[in-house]
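Next up: just one chain, as structure tokens, the form predicted on its own.
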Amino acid sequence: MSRAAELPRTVTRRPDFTGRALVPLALFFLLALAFPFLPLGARAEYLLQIAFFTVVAGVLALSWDILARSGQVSLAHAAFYGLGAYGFALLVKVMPWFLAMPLAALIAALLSLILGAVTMRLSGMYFAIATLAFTEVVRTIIQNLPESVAGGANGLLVPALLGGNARAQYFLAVAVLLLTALVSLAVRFTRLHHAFAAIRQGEETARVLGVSIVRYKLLAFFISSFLAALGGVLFAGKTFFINPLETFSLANSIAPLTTSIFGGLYTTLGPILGATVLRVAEEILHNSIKNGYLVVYGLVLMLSILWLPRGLMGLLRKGKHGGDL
């Protein structure tokens, strides 16, 4: 919490848009699209499942980072993620999945505006605590809805996305990650970058510069929660089952934050790389250390963040291979 409250507040220069800067990101997506066609052997199904959840983690981390660019260190991502999952589970019963998916995300995004409006005057740890409380309120409401509607504490069965076709589900997840990356680039290379950075630097500074703080803060909330909710839809459609305790867990709010810091804040490539490295490392540790692997994983993550204050993107920039994304 304290580390999150001390995120860098420097107004960063908006990078010039060049095709060269997009090369690392383009290579990542080419590799991601080619992954299912690689000779993965007998463990192909398992590896494709790991790749799917890695992509979803990338969606969550990058969507969180977009909100953080406006200076709002939110712990409400589990709420948006869960609202997307539950919204899809309920809507897909009465409409096709391709309509239920964006509509569930839109509902979550509209609800996020309520949180954004209520917390408008809060900052730092007060804002983080308020967003965490919002997640608990949403979880409690979902859990206490009639079981015939949302399944109560026991959870809810969810129809499989795309008929349960693992490869099709993976490509859908990659498409959502690509959408998230394009939105991130749109924020990065337009006037939104200066508006968000000015608010992050200090609201008084932003007012002097003529930035409408209310408008841009709510816009950041809307964009971030919409994308996070799409991640929740992917999760629900893949696992076939959701329950309030796990879907709205604190871990689902903390993971996007730590992943973004580990990969590199306020960048597009950083949170995606962070999700990839951390998810693969977690699987390797889980398979190598059956008991207590999370302790080792947590220590490695903590030390990495301490030694790499600018994340993986800081290392890549030192090596001049990271572009300015």
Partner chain sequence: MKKMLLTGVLLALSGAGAVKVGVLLPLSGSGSVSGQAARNGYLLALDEINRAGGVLGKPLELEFADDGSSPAKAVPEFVKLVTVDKVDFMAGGVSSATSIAISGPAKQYGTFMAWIGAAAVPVEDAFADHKYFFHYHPWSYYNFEAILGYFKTLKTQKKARNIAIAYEDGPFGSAGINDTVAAFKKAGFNVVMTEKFKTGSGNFGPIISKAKAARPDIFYWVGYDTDALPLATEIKQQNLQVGLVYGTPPSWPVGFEKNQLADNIAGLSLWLPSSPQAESRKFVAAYRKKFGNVTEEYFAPLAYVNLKTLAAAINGAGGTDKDKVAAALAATNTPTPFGPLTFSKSNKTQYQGFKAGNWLHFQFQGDSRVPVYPIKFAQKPMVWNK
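Quick caveat, the model's predicted, so the values are computed rather than measured. Residue numbers count along the first chain shown, from 1.
Beyond the structure shown, there is the form predicted in complex with the partner chain, which is absent from this document and is the topic of what follows.
Enquirer: Verify the contact flag for Thr190: yes if a non-hydrogen atom of it lies within 4.5 Å of a non-hydrogen atom of the partner chain in the model of the complex, no if not.
Expert: Output for Thr190 is no: heavy atoms all beyond 4.5 Å of the partner chain.
Enquirer: Verify the contact flag for Arg200: yes if a non-hydrogen atom of it lies within 4.5 Å of a non-hydrogen atom of the partner chain in the model of the complex, no if not.
Expert: Judged by the heavy-atom cut-off of 4.5 Å, Arg200 is well away from the partner chain in the model of the complex.
Enquirer: Within 4.5 Å, heavy atoms only: does Phe53 come near the partner chain in the model of the complex?
Expert: Yes, Phe53 sits close enough to the partner chain in the model of the complex that at least one of its heavy atoms falls within 4.5 Å.
Enquirer: Would you check, heavy atoms only and a 4.5 Å threshold, whether Ser212 touches the partner chain in the model of the complex?
Expert: Answer no; every heavy atom of Ser212 is more than 4.5 Å from the partner chain in the model of the complex.
Enquirer: Find the only residue in Thr239, Ser123, Ser249, Thr205 having a heavy atom within 4.5 Å of the partner chain in the model of the complex.
Expert: By the 4.5 Å criterion, the partner-contacting residue is Thr239.
Enquirer: Using a 4.5 Å heavy atom cut-off, which stretch among 222 to 230, 97 to 105, 135 to 143, 110 to 118 contacts the partner chain in the model of the complex?
Expert: Looking at the other structure, the answer is 135 to 143.
Enquirer: Using a 4.5 Å heavy atom cutoff, which residues in 176 to 203 contact the partner chain in the model of the complex? It's fine if the answer is none.
Expert: Read in sequence order, no residue approaches the partner chain (within 4.5 Å, in the model of the complex).
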